[in-house]
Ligand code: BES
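A single chain, nothing else alongside it, follows as structure tokens in the form predicted alone.
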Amino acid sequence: MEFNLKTSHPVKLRSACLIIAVSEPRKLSTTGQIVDKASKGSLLKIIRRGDMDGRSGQSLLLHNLPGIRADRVLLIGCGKDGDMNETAFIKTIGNMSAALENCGASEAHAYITDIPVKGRDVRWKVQQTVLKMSHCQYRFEQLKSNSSDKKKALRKLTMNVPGKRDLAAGESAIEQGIAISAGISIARDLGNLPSNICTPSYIAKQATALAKGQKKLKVTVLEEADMRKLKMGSLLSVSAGSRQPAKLITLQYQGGNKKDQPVVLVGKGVTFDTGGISLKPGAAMDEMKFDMCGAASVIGTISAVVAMNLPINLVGIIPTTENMPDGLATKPGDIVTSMSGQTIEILNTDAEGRLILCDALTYAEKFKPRCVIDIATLTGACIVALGKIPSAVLGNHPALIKDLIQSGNQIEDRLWELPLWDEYQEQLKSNFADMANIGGRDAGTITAACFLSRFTKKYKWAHLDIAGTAWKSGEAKGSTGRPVSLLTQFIINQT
């Protein structure tokens, strides 16, 4: 979809569809008032008779409005001005997208910057419009024999800005919004693919394809033999029961100076998680194809960074494998030695994400990182604690956590910090090894992060648990692409 900016008078504008905001109770935006005057009060007459009162979720399509050159005028309800916050604005853009999908126009001109959002400028509104419209237009139909008809879909949206001084910031917002949206779509595609297609080898091929023709991006793929040489016994214990070979994928983007320390992203890539010998129940097990969404978010983020040509060094590390039951699969009670030399008693083979991440986090030391952020659909306990609105963040460096939270608030991909106190480490005690891979029923998200913290002492580190935010269930089942926008905004802020 094409996005543009323009400063234009709504009455003189020729467009297939002119979009105007209406708030409660029956209050026209500044642009609406101009159009109403040109149409000799037609808009106010329509809304006063009850066809549109400005409630959130309402829309009304008008044809051939007198005094207006646009073919259609689409009124979008915004709710009460006092209730218009970031969430309400994004919801309004979603409602606008749905209304445009059915109106028959291939292009539209929106006066959405008229909508007042406290503390947010034109640039933010433009970027959020690009992100939300792109998200709403996303379809995963690669594996359907008959795709939906897109002939009448909206192909171009022009957003009006108040003055020429807003154009430069708005154009930058569009550029970033398009790059981030493309990265989100890549992550969603990878997440939505079934595990018989999206195997560790497939992810490695996609990462390699991303680097093709990109001078600043280099991809390397380690095979299981390479991992054995590196003594990655923890990672290999997860792949032992699978016929699909594990891969350790590294994407290195050099946009900064050679001596600059890189930001390192580590993404969990379990392409299907049966739980291994600690087999999961059958209900909703199909959703375990989403257990590689951390890996998908790393690829999506790097794609966005490459598209924007950001002046920063960035490394993505993806440990990827299946977790399957088999005669060779790791058993509860087995003890393995990680790359760090620390031994792990595996009490539950369904706590496998931390087992592949810990070796990848040790591997990250070789890059002498500025900071390391791991992203993983790690614990069901995170959903119990926080639901499906924020992702959880924990780590060993308060300033890094603060920067991540601020980046999430900036782009509306929010985080909530959980404590990482030493007292929780006690739950990982083992009678037979340096640590157990689970800490019992209590504080599951925190003890999982405690486990990872034992492999991150040599650098600044944060852990994002995206178990509740990486995908949706039910009628809207599918990958969300989170937290690509958060990670990309964080990286933008580091430049």
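A residue's number is simply how far along the shown sequence it sits, counting from 1. Bear in mind that the values here come from a model prediction, so they are computed numbers and not experimental data.
Not on display, but discussed next: the form predicted in complex with this ligand.
Quick one: find which of 100-108, 182-190, 74-82, 381-389 has residues within 4.5 Å of this ligand in the predicted complex by heavy atom distance.
Of the options given, it is 381-389.
Sort through 452, 438, 62, 68 and report the residue having a heavy atom within 4.5 Å of this ligand in the predicted complex.
Only one option qualifies, and that one is 438.
Could you tell me which one of 374, 359, 322, 352 places a heavy atom within 4.5 Å of this ligand in the predicted complex?
Result of the distance check: 352.
If you check in the predicted complex, is residue 252 within 4.5 Å of this ligand, heavy atoms only?
Residue 252: no, not in contact with this ligand in the predicted complex.
Is residue 115 close to this ligand in the predicted complex, meaning a heavy atom pair under 4.5 Å apart or at it?
It does not: once this ligand is placed as it appears in the predicted complex, residue 115 has no heavy atom within 4.5 Å of it.
Under a 4.5 Å heavy atom criterion, is residue 247 part of the interface with this ligand in the predicted complex?
Result no; residue 247 lies far from this ligand in the predicted complex.
Residue-level question: is residue 95 within 4.5 Å of this ligand in the predicted complex, judged on heavy atoms?
No - in the predicted complex, heavy atoms of residue 95 and this ligand never come within 4.5 Å of each other.
Given a 4.5 Å distance limit between heavy atoms, list every residue of 269-289 close to this ligand in the predicted complex, or none if there are none.
If the 4.5 Å heavy-atom criterion is applied to this ligand in the predicted complex, 269-289 yields 273, 280, 288.
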